[in-house]
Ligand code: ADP
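Below sits a lone chain in structure tokens, taken as the form predicted alone.
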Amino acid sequence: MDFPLVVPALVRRARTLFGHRPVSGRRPDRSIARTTYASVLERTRRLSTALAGLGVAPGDRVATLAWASQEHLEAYLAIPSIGAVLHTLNLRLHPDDLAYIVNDARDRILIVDESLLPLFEKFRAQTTTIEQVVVIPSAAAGSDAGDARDVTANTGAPAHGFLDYEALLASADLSAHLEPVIREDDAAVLCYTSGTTGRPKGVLYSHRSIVLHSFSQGIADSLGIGERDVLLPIVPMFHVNAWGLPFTGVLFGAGQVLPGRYLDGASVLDLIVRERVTLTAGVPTVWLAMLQELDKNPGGHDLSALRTIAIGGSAAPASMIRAYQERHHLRIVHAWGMTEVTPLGTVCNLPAGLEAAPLDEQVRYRARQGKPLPFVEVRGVADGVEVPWDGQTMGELEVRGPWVARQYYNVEGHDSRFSDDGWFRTGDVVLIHPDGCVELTDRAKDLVKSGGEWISSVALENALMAHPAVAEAAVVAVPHPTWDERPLAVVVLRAGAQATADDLREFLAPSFAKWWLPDRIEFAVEIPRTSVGKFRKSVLREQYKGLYADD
């Protein structure tokens, strides 16, 4: 049967089977709003109809500038359901980058949180394509529209060019609702890379890739998501579809918890406890912060519902994985992905043969990024030659599969990130073990080449963060007159803890060759981060590039 794999099929399934399942989230005033899929999907239908009434046609781009919220979830489902393309804007990018992205994508409509209007105003004058702006009010979803805000009249008529989200939904003529014919290879979602090495690049995801990616997260040896789960994506909804978890939750009827703008360790921990979260996901820095909260009051939080903490975005320190498992009896599942991979590519579940292994052996395995998901194929390449899967030979990770991009949006001609034989070059340097488990050793741009030999910044960082006095550590290459480059460690100490550079080098010495050890260790109050919480190493490289200038 020719049955297209499209987002509206996910919506129909949830409406038919999972209307009773919970959706909750933290509002701007920190209160918790709770509802069900039935309510969310009814509002989704209204939003689809209202957007079509504004002239949004199949293929049109509708942008969102919003935190994780019920309304953002409604946009996730409503926009692709009329054949339009959901385009999530990264609200932590520079206004100039946001203007470039909006114009490059040719966004026609912008849905924006009321609290983010000041950010929009910083780049509004530079945009050339936006025709309508829809404002999500800061009050709770479903509240009376236009009551005390100069955003719109109750009729939905624009004031200052803006429409009120709630009034727009209220004005939808459901008798005019028609579900267009959508092909599974039509575009559903558009995301842009963060642009750390140049202008941000767009990646289009088809309906088929979204659906297949969602299925992959339900597989037992993946994240095993099902109806019994309650999901809390800490990774933002404006970053690679919150790792696809909102779509996966809809497909399988998992409850969803949307954290809003509050992503500190205490707020995340509070939501996990309150909403009985079973699976949560985010970058390592989030879980380092939550670990500190848990360590302040061991056993003081009811985390009995939480079965999995999924970590991706960068390599998590083995010491953190061990701490969660040993001190708090919580399971860390490492994963790897990229914007170009929708984003999930590998997941590291403990093999059956290691379930009874000593904790140290389990932690060593869990610190890897895992085996590729079904239909995702991987290889390591060095100097144009595929490297063996021996767990020792480093190579750049290349991937291909049904939810891996084949080119960037609006980029014509050959792109060196894509090989001639159809693989995507990730820029990640890895080892691949004989069982197919991928282990990230570094980003190609973050490797340190000292005296002609490679040093892994990730290995040094993870080792430093195992020191009891260290809260965070980032290692970067800095120019050196004799050795070409040397590793520099920038370290943030735990509150009240003390350690010297010599202490830390002595701690590292048993695990690394002498020439790997950082000659210089700088102490900082904080390490700069990217828009999604990863260490922003480009800033550190620029800041310390003259460290050895006088040597």
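Worth saying up front: this structure is predicted, and the values here are computed from it rather than measured. In this text, residue numbers run from 1 along the sequence as written.
Although it is not shown, the form predicted together with the named molecule is what the next lines describe.
Segments offered: 208 to 216, 310 to 318, 294 to 302, 127 to 135. Contacting the named molecule in the model of the complex at heavy atom distances within 4.5 Å is 310 to 318.
Only one of the listed residues (L190, L73, L440, I332) places a non-hydrogen atom within 4.5 angstroms of the named molecule in the model of the complex, and that residue is L440.
Put simply, of D229, D428, D113, E166 only one has a heavy atom within 4.5 Å of the named molecule in the model of the complex, and it is D428.
Although the partner is absent here, K371 is not a contact residue: none of its heavy atoms lies within 4.5 angstroms of the named molecule in the model of the complex. In the model of the complex, P259 stays away from the named molecule, with no heavy atom inside 4.5 Å.
Heavy atoms of K534 reach within 4.5 Å of the named molecule in the model of the complex, making it an interface residue. Remark: M338 counts among the residues lining the named molecule in the model of the complex, judged by a heavy atom distance of 4.5 Å or less. The partner is not shown here, but in the model of the complex the stretch 220 to 245 reaches within 4.5 angstroms of the named molecule through a heavy atom at H239 alone.
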